[in-house]
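The chain below stands alone, shown as structure tokens; this is the form predicted on its own.
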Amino acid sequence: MMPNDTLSKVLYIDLSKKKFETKDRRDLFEKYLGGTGVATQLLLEECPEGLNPLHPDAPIIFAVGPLTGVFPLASKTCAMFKSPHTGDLGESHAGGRSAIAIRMAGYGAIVIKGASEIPVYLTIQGGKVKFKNATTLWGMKDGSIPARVMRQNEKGEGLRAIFRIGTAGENLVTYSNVTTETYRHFGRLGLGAVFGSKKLKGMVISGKQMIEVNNKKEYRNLYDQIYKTATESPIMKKYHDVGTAINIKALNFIKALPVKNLQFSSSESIEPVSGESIAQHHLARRVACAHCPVACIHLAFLREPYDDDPYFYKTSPVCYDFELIYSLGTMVGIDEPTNLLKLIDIVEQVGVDAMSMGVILAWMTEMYERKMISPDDLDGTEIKWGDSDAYIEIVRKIVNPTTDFLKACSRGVDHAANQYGGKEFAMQFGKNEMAGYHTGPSGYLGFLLGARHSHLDNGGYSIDQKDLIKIDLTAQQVVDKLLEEEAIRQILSSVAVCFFARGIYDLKMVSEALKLLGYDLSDTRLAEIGKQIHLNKYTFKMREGFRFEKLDIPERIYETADPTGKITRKFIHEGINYAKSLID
């Protein structure tokens, strides 16, 4: 590291005592770089074994990396916590301005513990932390309003990041999220509930810290090289033009898109909600994360008449991408874009993870269709595939549950299915609701074995599409590829690079960039560090009760046709057993 780099500073905040202090943790940042690597170590240090994820002593950790604020596309903040949704590792990444704001405030990581007696939000600026009363912001139906109040009341416009939770976080829904800059989220695994348990409504972070580099001329040349690749690469161009929503049509064509709770893997009525169609007919604007030239965030305008005056309309910008179109569209049978955007909008307002909510709604619809639950369980609501109005009503009821069934659904599909049945079509992996890829066995092994049970852990769906369709791989070979990719992604998330840019930032490029910041790490050494970070995550998971043999696999994955035709019980279990032999 550079001698004066403030990245090694960790801000510790105690919400119970309303105190804070800063410690220099150069030991962690030199060994694990930042981001995921450092956050994992801080989680192991700060979270006592067996602690309830919603206990005041359970930590919230945010960490950024050495490339943050220095190179393009290094715009991700890693959040680490014990997940109230799965009971073990909670990890979520968000872009926007969050990473730059933390780095410019003079910190590489923030650790928050304790719990306030009343709702508060934090301001972090100029080396100080202030604890602001948020009582009047607590309980608002639309989570964007508290953010607007913080934006109006606090300084740092153009430099700051604003974090906030919605009603779901306040009510401890285990898959509630934390929103930053309106359109970015720490979405998966329930960080919003941990905020809510601490009465932490939000945070405002800003600063103007300078960052040194070793050789300004070499830095400029490397920066320009990365920038040029990012703006001219055909891979990055698709993210700008259509975004991840481009995957809807592609996966539907190869019969790998979950439809109606994965009863089907394609739909003939997909065109209106394809990424291309929404971009053509509904796209309002594109937005970029800080220090990113790609602008992959796509906003559609939702135009709705006011209830009391049908001659006047309100227009709302709604962020959409592949995972939202899948989970709140194809997974629940919605194929009309306005209805899709309305459902996305309410999910945003209450502050829950869209993938988890969509999978729960799909499971619930099938349960209702099979008469395994009744309207009484849904507090009088009747649901059917594609009924966006009913789904909007159910989302509100799950966040403020009035029946035992809805309370169970506020804790995820695995928890609800354990109580009410339907486990064979409850689409969860490691208790985390599935992402939108029915590509083959590699995708599902990726969900099951990934440290946070996310498709982004190792991109198993890519192995299905690139390798398994063309050649035969054994389950062991697939797992080796998954673990190799997961180790690489630990490095990318430790230096805080967006995974969309993984085609630009290979380990050699990361090594060159780090050299200009005082690190002497070869690509080989980086690969070794990535493997260690991955093992450190599993150290925490195993400590908190995770076991490979406890993984539940919904039968539905074996019943619905996939592009490879190779999803078998034998293949999946061989892969799990092989991974267990390597990691245990």
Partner chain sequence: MKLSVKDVMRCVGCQSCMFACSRRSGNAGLSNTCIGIKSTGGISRGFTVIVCRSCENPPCAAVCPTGALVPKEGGGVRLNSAKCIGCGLCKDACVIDAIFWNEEQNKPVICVQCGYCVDYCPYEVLELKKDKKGVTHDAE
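Residue numbers count along the first chain shown, from 1. Computed from a predicted model, the values in this text were never measured in an experiment.
If you look for the form predicted in complex with its partner chain, you will not find it shown, but the lines that follow are about it.
Asker: Among 322 to 330, 412 to 420, 115 to 123, 207 to 215, which stretch sits within 4.5 Å of its partner chain in the predicted bound form, heavy atoms only?
Answerer: Within 4.5 Å of the partner lies stretch 207 to 215.
Asker: Within 4.5 Å of its partner chain in the predicted bound form, do 537, 548 and 580 each have at least one heavy atom?
Answerer: Heavy-atom distance to its partner chain in the predicted bound form: none of the three under 4.5 Å.
Asker: Find the only residue in 159, 487, 302, 395 having a heavy atom within 4.5 Å of its partner chain in the predicted bound form.
Answerer: Of 159, 487, 302, 395, the residue with a heavy atom within 4.5 Å of its partner chain in the predicted bound form is 159.
Asker: Could you spot which one of 82, 452, 185, 97 gets a heavy atom to within 4.5 Å of its partner chain in the predicted bound form?
Answerer: None of the other options qualify; the answer is 97.
Asker: Given that its partner chain is not shown alongside this chain, does residue 253 nevertheless sit within 4.5 Å of it in the predicted bound form, heavy atom to heavy atom?
Answerer: Output for residue 253 is no: heavy atoms all beyond 4.5 Å of its partner chain.
Asker: I'd like to know whether residue 295 contacts its partner chain in the predicted bound form, with contact meaning heavy atoms within 4.5 angstroms.
Answerer: Yes - in the predicted bound form, heavy atoms of residue 295 and its partner chain come within 4.5 Å of each other.
Asker: Since only the chain is shown here, I'm wondering whether residue 181 would be in contact with its partner chain in the predicted bound form (any heavy atom pair within 4.5 Å).
Answerer: Judged by the heavy-atom cut-off of 4.5 Å, residue 181 is in contact with its partner chain in the predicted bound form.
Asker: My question is simply whether residue 53 lines the interface with its partner chain in the predicted bound form - judged by any non-hydrogen atom within 4.5 Å.
Answerer: Close contact is absent here: in the predicted bound form, residue 53 is far from its partner chain, nothing within 4.5 Å, heavy atoms only.
Asker: Out of 212 to 240, which residues reach within 4.5 Å of its partner chain in the predicted bound form, heavy atoms considered?
Answerer: Counting only heavy atoms within 4.5 Å of its partner chain in the predicted bound form, the contacting residues of 212 to 240 are 212, 213, 216, 219, 220, 223, 224, 227, 231, 240.
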